[in-house]
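Let's start with one chain on its own, the form predicted alone, as structure tokens.
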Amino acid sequence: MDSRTIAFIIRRVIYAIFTLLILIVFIFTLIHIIAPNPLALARLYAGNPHASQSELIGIEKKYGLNLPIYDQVINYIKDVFTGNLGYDYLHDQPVLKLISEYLPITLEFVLTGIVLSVIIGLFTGAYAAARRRKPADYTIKGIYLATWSMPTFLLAAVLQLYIAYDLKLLPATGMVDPTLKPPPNVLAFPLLNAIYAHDWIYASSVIHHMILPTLSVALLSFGVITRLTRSTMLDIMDMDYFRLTIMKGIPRRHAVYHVALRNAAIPLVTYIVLAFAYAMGGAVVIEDIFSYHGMGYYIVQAVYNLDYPGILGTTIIIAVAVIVANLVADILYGILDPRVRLE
């Protein structure tokens, strides 16, 4: 790795940290507008509008809520960078511990959905490019435009209504059959825990409940991958080296799927990383619809109960996911395209 690449990565890391700091300051400012005095802030920290005066005063002293806002921001930034996201009085647990329990549940179906969306997007994009301006091309375009333009809640609700309630093929809500005893939490992820414990009945139930949320993520994400794959492949297929490949006698099908698709997949790396970050945001709505108790469930409950430490902690985690995803995408794009490093 040359010095120019290292300098490029360092710049992007600095930009990412600076973005996170701005976000923290913005959230603190917004919260102080909502609750302009220390006791009102303490009530948000408590997550209980009926907390006693003594409890509020104790929280106020513990978190220094009577300090100037800039002191509070500096203290919280220090806590964030040392792994302390505060204490959730509503659940009587540290926020970071709650996130470590809920986040793997969300990651399990989000990551699976992203992988599925990449597979579907690459295949449909390549198939559409190989049949440019034919009925199959227009059909694929119509499908991905329909799913891409649908709001998250509407797509998830349609899948739930049709597949779960009308066809009764899959469970409509929940993460697993509530009558089953969960295996020991060794690997954090419910499905991996079941596989590790060789509890195939529990694993099967987790998979059945995970299909609809996973499919929601995949259908929301595959459209852009399809479009990018198709447009990139069409550009490649119009280039001289691709035409030369055909002239050498290589079958067109082989040239399309092994030459054009392989080269078209490289620029998609950056979008796939970003798709994960966007899917994490959409997971909040998906989990609420399917009653899937992951990170989205925790966020919704925190908002409903005005659980300020929970709201702030989960916002920071999602922001970090988006910022890191953008950082990784920038670095990958800079490595794949050296021209970017010259900017």
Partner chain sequence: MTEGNVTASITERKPKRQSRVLSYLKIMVKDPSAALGLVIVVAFLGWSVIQGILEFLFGTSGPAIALLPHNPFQYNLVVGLHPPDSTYLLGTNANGEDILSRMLYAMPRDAYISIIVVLSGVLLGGLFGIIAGYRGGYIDEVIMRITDAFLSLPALILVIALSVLFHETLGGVILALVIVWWPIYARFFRAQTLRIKNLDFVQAAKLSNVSFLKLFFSYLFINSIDPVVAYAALDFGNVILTYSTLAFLGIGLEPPIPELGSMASNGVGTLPTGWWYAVFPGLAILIIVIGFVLVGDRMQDIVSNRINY
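Numbering follows the first chain given and starts at 1. C-alpha atoms forming the largest set that superposes within 1.5 Å between two forms make up the rigid core. Predicted, not measured: the structure shown is a model, and the values here were computed from it.
The protein also exists as the form predicted in complex with the partner chain; that form is not presented, and the subsequent description refers to it.
A.B. asks: The partner chain isn't shown here, but in the model of the complex, which of 120-128, 205-213, 105-113, 145-153 has heavy atoms within 4.5 Å of it?
C.D. replies: Heavy atoms within 4.5 Å of the partner chain in the model of the complex occur in 145-153.
A.B. asks: Taking D288, V303 and I311 as the candidate spot, are all three within 4.5 angstroms of the partner chain in the model of the complex by heavy atoms?
C.D. replies: Each of the three qualifies.
A.B. asks: Might T315 be said to contact the partner chain in the model of the complex, defining contact as any heavy atom within 4.5 Å?
C.D. replies: Yes, T315 is a contact residue.
A.B. asks: Does the partner chain get within 4.5 angstroms of any non-hydrogen atom of L67 in the model of the complex?
C.D. replies: Close contact is absent here: in the model of the complex, L67 is far from the partner chain, nothing within 4.5 Å, heavy atoms only.
A.B. asks: Is there a heavy atom of Y241 no more than 4.5 Å from a heavy atom of the partner chain in the model of the complex?
C.D. replies: Contact check for Y241: no, nothing within 4.5 Å of the partner chain in the model of the complex.
A.B. asks: With a cut-off of 4.5 Å between heavy atoms, is R227 one of the residues that contacts the partner chain in the model of the complex?
C.D. replies: Heavy-atom contact with the partner chain at 4.5 Å: present for R227.
A.B. asks: Where, within 76-96, is there a heavy atom within 4.5 Å of the partner chain in the model of the complex? Residue list please.
C.D. replies: Nothing in the stretch sits within 4.5 Å of the partner.
A.B. asks: Fitting the rigid core first, would the Cα of Y76 be found 2 Å or more away between the shown form and the other one?
C.D. replies: After core superposition, the displacement of the Y76 C-alpha between the shown form and the other one reaches the 2 Å mark, so yes.
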